[in-house]
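Presented as structure tokens, the chain that follows is alone, the form predicted alone.
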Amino acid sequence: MISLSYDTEYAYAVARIQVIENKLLNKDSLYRMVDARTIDEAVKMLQESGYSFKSSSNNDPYEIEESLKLEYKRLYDLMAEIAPEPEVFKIFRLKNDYHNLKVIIKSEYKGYAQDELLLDTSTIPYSELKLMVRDRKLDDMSEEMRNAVLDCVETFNKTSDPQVIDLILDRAAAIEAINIARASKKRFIIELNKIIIDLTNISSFLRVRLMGKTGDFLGNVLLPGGKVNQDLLLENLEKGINGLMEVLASTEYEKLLISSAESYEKGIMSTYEKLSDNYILDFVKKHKYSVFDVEPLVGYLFAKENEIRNVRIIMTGKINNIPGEIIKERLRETYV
């Protein structure tokens, strides 16, 4: 059997992605969905683009969400199939493991299951994860994940505060993602991970300020591994967005924050969230033309996730009779 080099394997994978990429929805396609007279018309457009809907009840948010989750699973199955180094993509599945842990642990303390919230695009099947947590048999977890679960159990039993579960697991997820990124030795993956952490920390700063929480609270929320100095964020919390602008002046995030400032002053976070998503998509798009490495595959992964996010915005808006112009304002940029 002929053994192919990684360069050759990536060339095949990238060529395949470039073909599949042509099926992504562009802005015109999304706008036509928004302008569709009925939800059925919008669903038909999605079906023509390859989306599957199990039910004819297109007005049912649950059925639509199940269809989008199926599309999400297909995306990760594709990556597992064609990626020459599938272990690199663990960093992107990992967030779903930690999401599932939040659901499982909180369900345990609530006394009832919330299986509809679980995601099957994780590194550990959620059915196995549920048994691990239930039986406290955590040996098959990574050390970071295992310690985080034990910390959640111990801390919640002391505080009865479900918020600590989110804080502990978010920090563990960030640390494990950093370790995977560094182990990959891929500059693009490392840089992308740092950007995601930075944008999350900036979001946390803005949210904590809106909530009127203290620097101690922010210190517990901030994630390690980004490029923005955490001490500067903590020192400038009292100054609010003006202090944040001082921290981010002349950095790559300055324009993003300036563009978000007006709506943030009104207590609205959605503009920042939208521009953050656009920032990440723009970063991966700039690297999509590498032929012999992971960049185009990661670019497609983020592009498709972004597309699914846009479809969710559109369908939710149409179900709730939100005016089309408002829906369009909420849409993220597209990859194609």
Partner chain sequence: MAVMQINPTRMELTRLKNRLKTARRGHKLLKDKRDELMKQFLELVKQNKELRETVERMIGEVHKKFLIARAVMSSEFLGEALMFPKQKIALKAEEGNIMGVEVPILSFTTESTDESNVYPYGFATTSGELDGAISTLSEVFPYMLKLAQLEKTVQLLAAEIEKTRRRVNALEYVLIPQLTETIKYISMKLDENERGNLTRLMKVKDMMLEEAHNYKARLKEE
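Given the structure is predicted, the values throughout are model-derived calculations rather than measurements. Positions refer to the first chain, counted from 1.
Omitted from view is the form predicted together with the partner chain, to which the following refers.
Contact with the partner chain, judged by heavy atoms within 4.5 Å in the predicted bound form, is confined among 43-51, 279-287, 25-33, 304-312 to 304-312. Shown without its partner, this chain lists Thr123, Thr155, Ser107, Ser263 as candidates; in the predicted bound form, only Ser107 has a non-hydrogen atom within 4.5 angstroms of the partner chain. Think of it this way: in the predicted bound form, the partner chain has a heavy atom of just one of Asn229, Gln114, Thr251, Asn242 within 4.5 Å, and the residue is Gln114.
In the predicted bound form, the partner chain stays beyond 4.5 Å of every heavy atom belonging to Leu256. Among heavy atoms of Thr38, none comes within 4.5 Å of the partner chain in the predicted bound form. Though the partner is left out of this view, Leu119 does reach within 4.5 Å of the partner chain in the predicted bound form, counting heavy atoms only. Residue contact with the partner chain in the predicted bound form: Met211 places a heavy atom within 4.5 Å of it. With contact defined as any non-hydrogen atom lying within 4.5 angstroms of the partner chain in the predicted bound form, Asp170 is the only contacting residue in 168-191.
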